[in-house]
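This document opens with one chain alone, in structure tokens, the form predicted alone.
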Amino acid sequence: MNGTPPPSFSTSLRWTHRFHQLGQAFYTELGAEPLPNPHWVARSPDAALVLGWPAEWWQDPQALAVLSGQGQWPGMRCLASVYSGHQFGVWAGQLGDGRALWLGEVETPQGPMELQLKGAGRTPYSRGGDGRAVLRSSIREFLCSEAMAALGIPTTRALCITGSALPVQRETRETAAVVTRVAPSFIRFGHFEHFSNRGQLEELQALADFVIQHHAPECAQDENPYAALLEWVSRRTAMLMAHWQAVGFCHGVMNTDNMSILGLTIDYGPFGFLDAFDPHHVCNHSDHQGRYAYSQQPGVGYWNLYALGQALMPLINDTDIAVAALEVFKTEYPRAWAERLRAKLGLQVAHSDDVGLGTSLIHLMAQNRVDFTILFRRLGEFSSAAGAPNEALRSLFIDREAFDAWAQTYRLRLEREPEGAGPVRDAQRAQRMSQVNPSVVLRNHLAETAIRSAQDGDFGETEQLLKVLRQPFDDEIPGISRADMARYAGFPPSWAQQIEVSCSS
């Protein structure tokens, strides 16, 4: 990224403020608490591309200061929004943007995009918190936001991180950072719960109308547009859950205030990707009851939709219609999961026993604690030839006879594909599977390695890891050595088992 942006870059940004039009019941206008002596930590060229910004945008003389809370570009209007929600299944009452500051909506080639600073200081909704984010959690959110986007999973984006030597106390003393987040909207289930719970029905309707007008206009034509909105959200949430399960992603804190009304992955905190497969894995050290375990995520997604449905009931005003809107999840999630599972297995034509074939493999993986990502990546190399040992796969299992039995069933299923089996078909299938089964995901130890380097003042590992995560389906990436690719795509080291992430992460 050489050169400088056009002198008119920041002044030519076109800002809109549709959320402001909802009224002051929805937010508090305020400025950021400046991050002292800020510096760049990382930037995402892909997120800048989404915004339609020039590659050198960050060289704008004001960019570092603005995105560290020290000033504003012309046209910005900052606010923190209020919402409520259920946390770990319990009504928590009023919450809100406790450490996020909304900068406004900027016009982009993809329509208006909201920008937020996460970690920009206290707001009226901080509930005693310091409103800050630390470098550790900021790197995790930045990398995972961009990694999920590269995997094709709906997500908020991360434009950049700025850092500072400002001390912030968590479990230990750390340094502060700010992530600039990007999304078409940061509205959550909890926004609706807030106004419904308080009996503010005019505001509830205004919010629902706002989402329909700007994000789901097709719902406006329905006889009951608010039930149509609930169905629209149910469908998108079902798709999101299927995406998560298909890559072994655990969100860790699926509270209703962390659920996007657009069906985006939002609020990266104690997340994790599965290593040795355990369907009951709990990635959040603070989740003592295992509410948000990997296997529970689809069910929790439905529970959260039910909470949203309750919030919308004063507008829907018909229980049967509301239940029907929610039922879409129960049909859409299995369909979306089956579609992704079939793709992971390299199957092009649906058969009734395909989900059973995939499920039996997953059960076998759980019994043998097989690495989730590596198993599916290697499955693309499966030889359908009779008697082929498939040793690279077989060696992942302790119970190799059980794998052999499954492999025979899989081999017979491949023969039922329209093109049949054989070396040429295996190669074609391998190519398809390599585009849905990633080689690299953001495992905790990879993030931890980048964090430790950054805490020592070296941001090179963060930059290199981002480059790899932007191309998760490639085995070779220009500028990345084979040794580093092996490190990124290989088994986690033994010390990775000691990593714990919690709600402070």
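A residue's number is simply how far along the shown sequence it sits, counting from 1. These figures come from a predicted structure and were not determined experimentally.
Keep in mind that the form predicted in complex with a small molecule is not shown, yet the notes after this line are about it.
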Can you tell me if L117 lies within 4.5 angstroms of the small molecule in the predicted complex, counting non-hydrogen atoms only? no
> Does Y83 make contact with the small molecule in the predicted complex, using a 4.5 Å heavy atom cut-off?
Replying inline: yes
G98, heavy atom within 4.5 angstroms of the small molecule in the predicted complex: yes
* Asked: Within a 4.5 Å heavy atom cut-off, is R127 in contact with the small molecule in the predicted complex?
  -> yes
The small molecule in the predicted complex: within 4.5 Å of a heavy atom of each of Q87, R132 and R170? yes
Within 4.5 Å of the small molecule in the predicted complex, heavy atom basis, the matching stretch of 194 to 202, 285 to 293, 394 to 402, 119 to 127 is 119 to 127
Picking from E146, D371, D257, D426, the single residue whose non-hydrogen atoms come within 4.5 angstroms of the small molecule in the predicted complex is D257
Assert contact residue (the small molecule, in the predicted complex, non-hydrogen atom within 4.5 Å, options E174, D267, E332, D275) equals D267
